[in-house]
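Shown next as structure tokens: one chain only, the form predicted alone.
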């Protein structure tokens, strides 16, 4: 069997297994396994050995068991960059790029901005790493409760040349910080999935760290905590920017408006028209 035939058969196998982008995933798995670019994969005309076929079949079986593709490949694209991921971290989603855009939209001169930005629940580190690249004078602090996640984040910062401007702290939200810490921005993509919705979720989510996904019965436990504590860690005029669930906008808006130190509360929708970000400013 040649690689081109294996690509076709794998795509069909994945399709029958309920994988949505079966052809694309087939190609990505082949490229990963054989160490080829996608162009090289399409041009490859050699036969696959029996040992290679067995090894590749084991890889495909992992995907058919609904292990996320990003964990199999060890990579995920975000902001047109490639990031290392592992089961210790949540897989970065494209919607989180809106959070980056929201920060940058609030900084008139990105090249000269020298403020400090706090990212809570950093996971793979995509948010502080991208912000460090886009804001070359800024200082970033990334916090996560998982030491294993922080190892992945630190590796990604090194990979993208911004390790010197990001400090990583292990701890539970603001508990990792000194009480006198103040930031120009506090940003976070916290857990916001309701425990009650767990049975109906995609099977791939069972492979991701539950502490990075679920936040109580209604999904709001961590958001409530972050909203109540964030004013103490923002500079006057500083911005709070949080990713939220698609149906949480009105509730989160009410929680933000209940904080006397916050103003300019806004819910930002994603490109599908769903609630995606909640933002506010310290008076």
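Residue numbers count along the first chain shown, from 1. Owing to the predicted nature of the structure, the values given are computational and were not obtained by experimental measurement.
There is another form of this protein, the form predicted together with a small molecule, and it is not shown here; the text below is about that form.
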Exercise. Thinking of the small molecule in the predicted bound form, which stretch from 40-48, 65-73, 231-239, 211-219 has heavy atoms inside 4.5 Å of it?
Worked result: 211-219
For this session: Quick one: from 88, 184, 193, 154, grab the residue that has a heavy atom within 4.5 Å of the small molecule in the predicted bound form.
Result: 193
Exercise. Which of these residues, 95, 134, 204, 167, gets a heavy atom within 4.5 Å of the small molecule in the predicted bound form?
Worked result: 95
Exercise. With the cut-off set at 4.5 Å between non-hydrogen atoms, does residue 189 touch the small molecule in the predicted bound form?
Worked result: yes
